[in-house]
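The chain that follows stands alone, in the form predicted on its own, written as structure tokens.
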Amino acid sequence: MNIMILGPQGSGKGTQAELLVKQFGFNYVEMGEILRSIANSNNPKAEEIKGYLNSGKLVPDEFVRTVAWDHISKKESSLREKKKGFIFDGYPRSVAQFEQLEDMLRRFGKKIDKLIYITIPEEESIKRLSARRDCTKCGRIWNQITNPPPGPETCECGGKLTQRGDDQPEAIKNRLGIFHANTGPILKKAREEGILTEVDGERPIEAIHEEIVKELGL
């Protein structure tokens, strides 16, 4: 089974993806984290990718396709196993990326089995993201509302917590606008293909996880 998990920024899609990976052993592709890693590396495209990420704009489809193909092809043997597919977290972000992913999986005789879309209102996204903090030492992400750190400014590893520049309210609104403009057509396509399931993200993490597991028939 191959699953896509999408949702507005702050919807908790990453948390739900990680729970599924831990419980069922899926291969995990978290595109945002992969792209941030590239942006902070010596990759020739690092500064260009960093520019896209800092502005909230989408990274070009062709570059994302190359990154996704690299991760999928490296897991070819497990992809051919019936019980171990992929979870794509926050990807695809455009219809072109959706169609590219379908084509890549088709080469292995596989398909996208389900798109889980976690819904939350815009004001909740802004509230949650404004409370997000990153550890400068270990990279762990905390949230002062949904997953508070042990101290207001300190991670459990002792590292200092900082707020991303793009987690300020105005930047968040800009990112949400871009997200919805690009995600709407993906949801329409997934609905037409009969693979879309929408889940209310304004509930406890455990309740959301239970519903997703039930919808996936796992």
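Note that the structure is predicted; figures quoted are calculated from it, not measured. So that there is no doubt, residue numbering starts at 1 and follows the sequence shown.
There is another form of this protein, the form predicted together with a small molecule, and it is not shown here; the text below is about that form.
Of the heavy atoms in residue 56, some are within 4.5 Å of the small molecule in the model of the complex. Heavy atoms of residue 32 reach within 4.5 Å of the small molecule in the model of the complex, making it an interface residue.
In the model of the complex, at least one heavy atom of residue 93 sits within 4.5 Å of a heavy atom of the small molecule. By the criterion of a heavy atom within 4.5 Å, residue 9 is counted among the residues contacting the small molecule in the model of the complex. Partner proximity in the model of the complex, defined as non-hydrogen atoms within 4.5 angstroms of the small molecule, places exactly one of 187-195, 59-67, 147-155, 40-48 at the interface: 59-67. Not one of 27, 102 and 209 places a heavy atom within 4.5 Å of the small molecule in the model of the complex. Note on the partner interface in the model of the complex: the residue among 36, 173, 160, 180 having a heavy atom within 4.5 angstroms of the small molecule is 36.
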